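The data below hold one chain only, encoded as structure tokens and taken in the form predicted alone.
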């Protein structure tokens, strides 16, 4: 193997020191991939460590998030605000160097990674964002958006379906500024890669429209550099560079799964350092290495200064485009009253209202980019009058994702992380299961993607139980930092979209119906923004409270008409548990007065969770079994979910609590 620089040896030494000091972590991947990381950060990437959020920087995502210490060391040596003390605190409580990279937590980390494959998908999203913004704003001699997107991934990442789904999309779109360095070491956590996979990754990616390159010696910096430069020359295809590395390079355990994770002990740590030619103290960086990496900071500051000068000239030459560009970078998402104008139709499906609202928003804020998993006409996720993004033409905001729900959601996470754009995507609510991990990832990162989930109940009807969500709403509500918003009608749908657009650190999931529902004149905009409110009130302390979400709210309103002949009844619309729970106690008491024990929740889904709203004496009308293939009206009758059944259930509850 060819000699690498002393800087690479310093990286490897710090890997050993950090993992041993933490007594935990993954040493194998960083030891093997250190030369790739060095070449990227030191020589190839355009980035300014003093301004990690510089808009025109190259993006790097460590898809192999378990190798996080490699990223932290590269950030530290490059001059980011990651100190030697941070490296010593690796994996310790409340440190800035957690076990897996966390975006918005450590300067220079572009995405939270760890769940294998999703970093790859988010990298595709970042590349799509760059291509779209480049197509919209660049002019001749004014490349205001012009950067590459890089990732390092491993064998395990490329076994994940989400990575391959995303790779197919990237190849179909011809994302020429996407470069993947594949840490090909032929070992996974359980043993040799051949235990689970014998496919030809190069041919697989070629079939998906990628350029593939091969580096036979992962310690040869010149060979790695030449491959990256060759990748940059390819403008019409993304590039996969397979780099043959040795996991745990320098260890007696190298090349085996035994070096994948966990510390190795003092004796083996000393052996590794001897193998790589390192004789310095722990956590020591020689002056020659400091000097080597100082070029990163110098070049980064010059690159950003030149870009700022370019922007100044661009602003004079194209003032209207500059103002639009600046607004997108600033991410100000304020909708006018025109965009929020209530619907006046008699009836409208909430999915239809969502589609109309999507288009209203885009007219004022053309920052949305997204689509559907081959269900655009059903989900109403197309921005009308605008093209679909395609190979070589990235100006359109609409994307054909194909039947790839998981990749779609993960790509939108990456696209939104890029900045300047907001991602959205849609499918049927029941298929949120396919993309659940990516939805969780958005919530974990605090990335405000909007998930448009239609066909939200058994009212799907004859498509049957495979397409009828039951447990989905409560399972999604259980996800921290995700706002589930199930609007009662078209006008509550307006509020759901408004909140989603205004969100800075929470994803929103809009649960929408396919069937027509009345457009309710009584919708309270402020109450809908607070997640719950009294839609129809007979008394501050009613005899009966009907609490409903989605299309069931209009059923509750009809039931109230009958019940009010005998009782004082209030109808509460509760589109978002998460938002309602954030309100002060005074407001919640006003909406759900404790003096009213007769509370009936009404929702076409699992009854789990409703007890905190109906209390000890209330009841929940829902569905706790799978549905059937049948016309919706017959299903509602069979599952005792009609207005008459609501009336009977409310009266029965009242009598029981006398």
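Positions refer to the first chain, counted from 1. This structure is a prediction, so every number in the text was calculated from the model and none was measured.
Omitted here: the form predicted in complex with a small molecule. The next part is about that form.
Engineer: Is there a heavy atom of residue 66 lying 4.5 Å or less from a heavy atom of the small molecule in the model of the complex?
Structural biologist: So residue 66 counts as contacting the small molecule.
Engineer: Give a yes or no for residue 301: in the model of the complex, does one of its heavy atoms lie within 4.5 Å of a heavy atom belonging to the small molecule?
Structural biologist: Although the small molecule is absent here, residue 301 would stay clear of it in the model of the complex, with no heavy atoms inside 4.5 Å.
Engineer: Quick one: does residue 165 come within 4.5 Å of the small molecule in the model of the complex, counting heavy atoms only?
Structural biologist: Close contact is absent here: in the model of the complex, residue 165 is far from the small molecule, nothing within 4.5 Å, heavy atoms only.
Engineer: Is residue 136 one of the residues lying within 4.5 Å of the small molecule in the model of the complex, judged by heavy atom distances?
Structural biologist: Contact check for residue 136: no, nothing within 4.5 Å of the small molecule in the model of the complex.
Engineer: Spot the stretch among 156 to 164, 289 to 297, 312 to 320, 390 to 398 with residues whose non-hydrogen atoms come within 4.5 Å of the small molecule in the model of the complex.
Structural biologist: Contact-bearing stretch, as computed: 156 to 164.
Engineer: Go through 588, 260, 360, 92 and name the one with a heavy atom inside 4.5 Å of the small molecule in the model of the complex.
Structural biologist: It is 260 that has a heavy atom within 4.5 Å of the partner.
Engineer: If you check 408, 180, 512, 247 against the small molecule in the model of the complex, which one has a heavy atom within 4.5 Å?
Structural biologist: Looking at 408, 180, 512, 247 one by one, just 247 meets the 4.5 Å heavy-atom criterion.
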